[in-house]
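Starting off, we have a lone chain in the form predicted on its own, written out as structure tokens.
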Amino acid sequence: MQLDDVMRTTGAIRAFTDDPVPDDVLWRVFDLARFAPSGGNRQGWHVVVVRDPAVRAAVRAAAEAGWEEYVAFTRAGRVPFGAGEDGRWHGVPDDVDLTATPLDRSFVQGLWAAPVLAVVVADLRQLAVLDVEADRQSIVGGGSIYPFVQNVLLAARAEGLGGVLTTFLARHEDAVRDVLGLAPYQGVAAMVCLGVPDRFPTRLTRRPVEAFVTIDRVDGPALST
């Protein structure tokens, strides 16, 4: 596939067929993904491919718990665990009920049919978090991990696979710390599901360039052709 075709058709896939993903194909995906850039080329990622049923069950329980809380925020019309107007986290708002059980579980149930369940672990010692003292929520550390995760999804698409990056598991990282063998300096960056999709998206909807690229200032003129 051409690069532009891969990038334009790599949408979030959450429903998969029963077709297995051979280890040689999976190896090629990670072999390409490893060329992602990272701060200081420290490559602070580690991937745990989860196959043991007991480990998978623990990961599933923790991820679904995080998803349920995510849904509670969206039900209240809020960005899940998002910052306020001042860029800071102010705790769970009063109108968000984290104990409510979602009625429709199809969103996450499709993930567990994926033949490949991979947890991307970040070595926190290797992340250059230059905004660690900023008076807002930190975002910079992920810049050394998530390009790798996106490369995984792009490489998977080129192999005829589909996948999705989720962060639900990070919400309940402590619940899987022991079962995944995480060291104190390691944290869950993402859970990635890969497999043969039941269908590929034919048209992804995204904002046009003019909506998010401006000249000189955030409120500057839009970049246009």
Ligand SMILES: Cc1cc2nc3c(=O)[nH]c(=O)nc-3n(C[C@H](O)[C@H](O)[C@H](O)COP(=O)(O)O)c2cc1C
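Start at 1 with the first residue shown and count on from there. Because the structure is a prediction, the values reported are computed rather than measured.
The next section is about a form of this same protein that is not shown, the form predicted together with the ligand.
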statement: Checked 33, 158, 165, 48 for heavy atoms within 4.5 Å of the ligand in the model of the complex; positive is 165
- prompt: Heavy atoms within 4.5 Å of the ligand in the model of the complex: does residue 107 have any?
  reply: yes
field: Partner contact for residue 204 in the model of the complex: the ligand, 4.5 angstroms, heavy atom
entry: yes
- request: Verify the contact flag for residue 213: yes if a non-hydrogen atom of it lies within 4.5 Å of a non-hydrogen atom of the ligand in the model of the complex, no if not.
  value: no
- prompt: Does residue 12 reach the ligand in the model of the complex if we count a contact as any heavy atom within 4.5 Å?
  reply: yes
- line: TL;DR on 38-46, 23-31, 179-187, 166-174: the one with heavy atoms within 4.5 Å of the ligand in the model of the complex is 166-174
